[in-house]
Structures are given as C-alpha cells and as structure tokens.
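Next up is one chain by itself, shown in structure tokens, the form predicted on its own.
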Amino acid sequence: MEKTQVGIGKAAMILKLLGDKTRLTMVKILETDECCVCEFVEIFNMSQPSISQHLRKLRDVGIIQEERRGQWIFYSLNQQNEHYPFVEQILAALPNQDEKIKALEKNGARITCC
C-alpha cells in the first residue's frame, strides 16, 4: 500500500478539527455506522443546531459526506477524500464506539428518523 503524505497545514487543520472530543467521537462512530443528526442528538445529548454545526465543519473539509434520503440526511465517513488515509490512521488508534450505537438501538432511538 502506497503511503500518501499530508501537508503540514492540512494535517494541522484536520488535527484541530478532530481535537474536539465530540467531532472525534462522531468520526469514529461514522467509521462503522452511518448516522443522521437526530441520532447524534441522542448520543451526545446536545441540541440539533450544535450537532449540525459539528457535522458542517467535518463535511466542509471532506472528512465526512452526506446523503439525502427523503427528508433525512445521513452522514458517513468519506473514504474517497484524499486525506482519508491520514484520518484512518488516527481512527485506528482509538477505541471503537459501538456501545453508543447499541445504546441507541436498545432505547429505540436508532430508528427515530428512518
């Protein structure tokens, strides 16, 4: 596998974005599950506008992508982004966040918007 390099400026920007615990956790969750805003509202117990702001910042730099399905927008990790290998290395060092999705499912909140 060929290693791709990330410029210092771009790396600093990505690290700054992922330096926020909420955004880092969101990206780690999106590594294995796609989610909509309402699910993140439940997981983080934050307002919808706050969650949307975090997602917008991640989307604007291409770390995540969105897909509209009816009235809902689902977010996933953007594996096509040129800096995905760098983000992937960061995520590999983190514990999985599967328990957050399992808790949503247990509480019946996983399907609120689907």
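Just so you know, these numbers come straight off a predicted model, no measurement behind them. In this text, residue numbers run from 1 along the sequence as written.
The discussion below concerns the form predicted in complex with the DNA, not included here.
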query: Arg23: touches the DNA in the predicted bound form, heavy atom cutoff 4.5 angstroms; finding: yes
query: Distance check, Leu30 to the DNA in the predicted bound form, heavy atom within 4.5 Å; finding: no
query: The DNA contact in the predicted bound form: Glu66, any heavy atom under 4.5 Å; finding: yes
query: Partner proximity in the predicted bound form: Ile43 to the DNA, non-hydrogen atom cutoff 4.5 Å; finding: no
query: Residues in 18-55 with any heavy atom within 4.5 Å of the DNA in the predicted bound form; finding: Asp20, Thr22, Arg23, Cys36, Val37, Cys38, Met46, Ser47, Gln48, Pro49, Ser50, Ser52, Gln53, His54
